[in-house]
Structures are given as C-alpha cells and as structure tokens.
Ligand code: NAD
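Take a look at this single chain, the form predicted alone, given in structure tokens.
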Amino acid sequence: MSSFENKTVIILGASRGIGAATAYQFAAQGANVVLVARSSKQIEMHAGKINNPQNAKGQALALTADVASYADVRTVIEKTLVIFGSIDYLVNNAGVIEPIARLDESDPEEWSKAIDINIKGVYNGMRAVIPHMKKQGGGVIVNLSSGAANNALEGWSHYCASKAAVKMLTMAGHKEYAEYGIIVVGLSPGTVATDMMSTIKDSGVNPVSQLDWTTHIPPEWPAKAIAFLCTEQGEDFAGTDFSIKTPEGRALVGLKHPSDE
C-alpha cells in the first residue's frame, strides 16, 4: 500500500458511498483529507472518526459546499490551502441519478439541477484547483465516470449526458495540463452498492435496476482504485477512463472478483 503522508486530498461528494470510502482509504494511508458535501452532518461524522488516532493516520476537515456553485468550490480550495498548504489530489465524486424519468416525463428544473451537479460540479472543481496545481508543479484530478458515458439507458438522459461530458472534461484536462505535471484521469467503477444504486433499483427502469444486489461491488473497491490512480502507476491512464469492470483493471488495483477465478 502506497503512502500519502503529508499529502492532501479534497473529495467532493464525501458524505456517503464512494466519497466517504475514499476519505477513509486516503486517511488510512496518511493523507490529510478534506470532505466536502452540501450538508455538514455526515461529513463531520466521518471527519470525527478519521481524526481519532486509533482509526487513521491522516487528519480530516469537513467543509460544506454546493459543487454547482463555483464560489463555494473556490472557497473550499482556499480554505484547504490555508490549513494544509497544498492540494495534491482532487476527487470529483459528487453526482446524482435523480430524477430517473423518460425525456418526455422529466422535470426540466430537476433535470437542470442534475446537470449543474454532475457536469458543472466537475468543471468547478477542476477550474478552482488547476491554477494551484500549476503553481506547485503538479497534482492528480480523478473524475468519477460511468459506463453511462458510453451507452444510453432508458430514464437516464441526464446521467448519461452528464457522464459523457465528464469523460470529455477528463480528456480536455489531460490535453491542456499534462505538460504542467497535472494528471487528469477518470474512473469507471461499474455498479456499486450505494444509496444511488438503491434509488436505481427502486425505479424499476432499465436493465440496471434489475441486477441482483449481490452483483454490485462495495464502495471500498472504487476507493482503492482512486488511491491507485493517485500513484505513479495511475499516470499510464491519464486522459482516459480507467475501469475496474475488467479482471485486468482489478488486478492492477489489487482487487479480485469471484468471477476472476
């Protein structure tokens, strides 16, 4: 396991699921962790657990922000720099699947809110942190992607469109900032046993909702993959969506699915 001692990671969308698991993963490896979400209750709880020396090596800070607001995200970046002095990694994990609906039944305002979070949230994180990473000579940005970036699914027009846009933001970030030592990479984790997946299952819409719960991986798996992408080995996948949906991808991270036998 690589060490992230004296390194700092910001996780946007850290209240639960993959974001929370990522916070614990980095803290266990010695990183300073900044947990960000719209509400404070959950991230403060996670930060409290991390700051218990018996549970983790790193320190944690909880900051409330709406990723759809550039001013909010910029404030997170500035506060992090004041407290920890640098930002080595940014994880753009904030995202929503609601509202699941066919296009002609979708609520325009809610559809727009999903786009603001899923696309503008990623842009805001990248826009706010890249100038600082340029000054310090590098860093890593991990954008949470999805198979939905490549395939249309019924009821998911907002999610598929937004994840396709995030994939392009990853490619654009790599093209524009690789020369500054900034690694921009996506992670396509597959289906994960989180609250989002519960919402999908409850909807009964499209084949993903019909998958047996036992087929979904735990959020700790993508958390380990994110940490992997923040090491030197992750540089090989810059500008792409790295996947742990394949045996080869899982093997690189040190994961093994029963189907890999």
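Residue numbers run from 1 along the displayed sequence. This one's a predicted model, so the numbers in the text were calculated from it and none came from an experiment.
What follows is about the form predicted in complex with the named molecule, which we do not show.
By the 4.5 Å heavy atom rule, the three marked residues Ser15, Val192 and Met197 all count as contacting the named molecule in the predicted complex. For the chain shown alone, Tyr123 is not a contact residue for the named molecule in the predicted complex, no non-hydrogen atom being within 4.5 angstroms. In the predicted complex, the named molecule lies farther than 4.5 Å from every heavy atom of Glu220. Not displayed here, the named molecule is kept clear of His158 by more than 4.5 Å at the level of heavy atoms in the predicted complex.
The closest heavy atom approach of Val67 to the named molecule in the predicted complex falls within 4.5 Å.
In summary, the region of this chain contacting the named molecule in the predicted complex, judged by heavy atoms within 4.5 Å and restricted to 134 to 142, 184 to 192, 80 to 88, 103 to 111, corresponds to 184 to 192.
When the named molecule is considered in the predicted complex, only one residue from Ala128, Ile119, Val96, Val76 comes within 4.5 Å through any heavy atom, namely Val96.
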